[in-house]
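A single chain, nothing else alongside it, follows as structure tokens in the form predicted on its own.
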Amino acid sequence: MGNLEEIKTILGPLRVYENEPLSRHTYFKIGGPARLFFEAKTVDDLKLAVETAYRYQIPFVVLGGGANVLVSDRGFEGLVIKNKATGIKLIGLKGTIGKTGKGIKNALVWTASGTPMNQLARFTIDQTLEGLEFLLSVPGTIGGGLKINAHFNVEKHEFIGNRLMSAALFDLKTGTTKSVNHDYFDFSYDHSKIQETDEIVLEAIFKLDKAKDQGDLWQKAMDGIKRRNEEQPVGSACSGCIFRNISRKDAMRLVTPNLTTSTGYIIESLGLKGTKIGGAAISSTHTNFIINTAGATAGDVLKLINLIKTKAKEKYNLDLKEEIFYVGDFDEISN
């Protein structure tokens, strides 16, 4: 990386680190070193970092909370931008605004893309605004959440993308920033358009409805936390669900119980619950989670992922698709 000193000068010599272990920045606690590492604390920081990487044509990746990613044991030979650009504020209210505020119908909420989804959920509940309360305790940042279209109760159509009004993106094709609306993302289950375009979310605006009772919002959010704590491994080093759920068509073909589309059910039915390779293990609480039990490597996790995919293909003719994203060099992956 011949432009190392130039990049350091632009981003700040004391703010760019070399060979930073990425295991410190992921929920999996796995990952080799980043050749260069920079923490963006504001939207301007984030924009400057991606513009610099674009200008010097160096590989880069934006890392949010570190959920939903598996970093290679070799690390990342480029610039890793840790997105810590946070901030939330009300920017618009609609309705009859009086002293009591009871006439308000909806509101616009701006947030920086590095804001944790959990923090945005708390802010909106405190403002008695409904629509994103299901994100309370969900890991990751707004940028990552929009990329994956973060959700909770899929059957109730609880997706973060539902409430997005607009966003500012950095376009890797042109090296410029652009503003797009909700429809641009082409949201669907575990998907948004920016997964294909690799555009970077800088900031976003959500449109939320005024709720009648703040207590009801808190109760709904706490019920969600209780369910997650009962169904998912708590306190373990993991990266969330490894695979996307299967399609309803496949559920009907396989006649799963109650036509469940849960990939966790599929993995458990393969007899893989608790299977361990090296320091990585398939969770006994929820089999669509792989946990780092002690000193797991990305290679250990990959072996488990490939084992699950092979068994699912052999027994059910299913081509399971990962929900996680890979960062770094994974030559050994075969998709």
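Predicted, not measured: the structure shown is a model, and the values here were computed from it. Numbers follow the displayed sequence, beginning with 1.
FYI, the form predicted in complex with a small molecule isn't displayed, but the following is about it.
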{"query": "Output flag, 68, 117 and 150 jointly within 4.5 Å of the small molecule in the predicted bound form, heavy atom basis", "finding": "yes"}
{"query": "Among the candidates 210, 244, 182, 228, the residue which, in the predicted bound form, approaches the small molecule to within 4.5 Å (heavy atoms)", "finding": "228"}
{"query": "Residue among 131, 161, 264, 140 with a heavy atom within 4.5 Å of the small molecule in the predicted bound form", "finding": "140"}
{"query": "In the predicted bound form, residue 308 touching the small molecule (heavy atom, 4.5 Å)", "finding": "no"}
{"query": "Any non-hydrogen atom of residue 34 within 4.5 angstroms of the small molecule in the predicted bound form", "finding": "no"}
{"query": "Distance check, residue 124 to the small molecule in the predicted bound form, heavy atom within 4.5 Å", "finding": "no"}
{"query": "4.5 angstroms heavy atom contact with the small molecule in the predicted bound form for residue 106", "finding": "no"}
{"query": "The small molecule in the predicted bound form: contacting segment from 248-256, 235-243, 211-219, 84-92, heavy atom within 4.5 Å", "finding": "235-243"}
